[in-house]
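Here are two versions of the same chain, shown separately as structure tokens and labelled structure 1 and structure 2.
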Structure 1
Amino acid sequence: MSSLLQNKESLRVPEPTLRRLPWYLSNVKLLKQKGERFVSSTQISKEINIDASQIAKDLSYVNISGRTRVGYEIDTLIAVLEDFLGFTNLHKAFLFGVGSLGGALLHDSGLRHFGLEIVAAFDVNPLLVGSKLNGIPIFHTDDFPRKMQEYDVNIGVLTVPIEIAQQITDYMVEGGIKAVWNFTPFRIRVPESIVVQNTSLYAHLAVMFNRLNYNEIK
């Protein structure tokens, strides 16, 4: 029982590690293109300026072991990392709010390569409801509970105006959504069992503008 709990805990990878692993993946993909077959954490370290010991520690979460002197086999490392990060398994999602950003995300078919497929979108705008964007159908928001029966979806992408961000989140959760990818600058509240991933492009812009401003004064 205790070892079962331990196994379960080992599944919860620290967020900083999860954020660094895609860096290693992209770096190793590049080495593969250059014709390399093996890579060590020291090599990755030199390329991306992160401690080799940190890289080895991060990779210890992933089910792969390196060989002394030669390091990790690149093909295996890529396959194992992509699988571990969830990029090989297509997760279906609904998108809520086909405004400027929502529409932009529907255009981004590249998300499929990283495991996310937006299968349908919801809005109340009569000019949008019933149409398709990049092949993705747009339904009326009222149809969401019915569409949950039809599609095998557990992720909701939130791109609505801030005024209704909380309301639509509640509606999603009530309908059975288990994870909300929140692109609004609004801090949504959810029950403890629901995953929230905040991606605020605007907060990132604020940081970038501040640093730029700071450098200009220097």
Structure 2
Amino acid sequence: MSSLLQNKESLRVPEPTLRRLPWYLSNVKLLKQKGERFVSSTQISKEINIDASQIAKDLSYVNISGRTRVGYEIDTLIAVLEDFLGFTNLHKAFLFGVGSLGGALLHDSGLRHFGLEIVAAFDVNPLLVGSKLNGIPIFHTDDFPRKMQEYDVNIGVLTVPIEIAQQITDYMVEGGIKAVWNFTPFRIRVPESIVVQNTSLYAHLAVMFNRLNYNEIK
């Protein structure tokens, strides 16, 4: 392995850590609203039930250090976490499939606070094409290649029916999309260079139902 590749791998943050960091950020923001100025990993641990040593280890990936017996300065911790997680830079995205879930995401203006702006959507429904939802234009799917020339976009949000999930994914990748946020229960296939984040509501439901049944049996 080359030294450049080794350095790159050493900078790679474990996915579980990346999943936990937004929890810390939300918790610290709540503490700020309560007037707190400093916070320790022990305080965060008590709020979100994650071991303090794990929190300290996760925060070691972030360029910030706490003060002995005082902890982290809250304003600095918020700023550093938001920058580290990419929430301070606005990433533009296209959404494919303006059904009930796609429409809900278009209405979710809060995504901008976490660095994602859906600038346009695509569908084949003639009742939707040419309209706007929450101010976001909806184009025909066939217009995607042309719109890629007009917008500075590299993220695709996938909320299409499962039977066309792979087809639309291939279409997005061929058109220049570099990352796919997949909300379908279909495990899409992409080249290694494409980033995929699967967020299947149905999978999470399955886990919740299973745990619920287990607890009821006990």
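Heads up, when I say rigid core I mean the largest set of C-alphas that superpose within 1.5 Å between the two forms. The structure presented is a predicted model; accordingly, all values stated were derived computationally and were not measured. Structure 1's sequence is the ruler for residue numbers, which start at 1.
- Here, the chain labelled structure 1 is taken from the form predicted together with a further copy of the same chain.
- A movement of the C-alpha atom of Q197 falling short of 2 angstroms is seen between structure 1 and structure 2 when the two forms are aligned on their rigid core.
- Relative to the superposed core, N210 moves its CA by 2.5 Å between structure 1 and structure 2.
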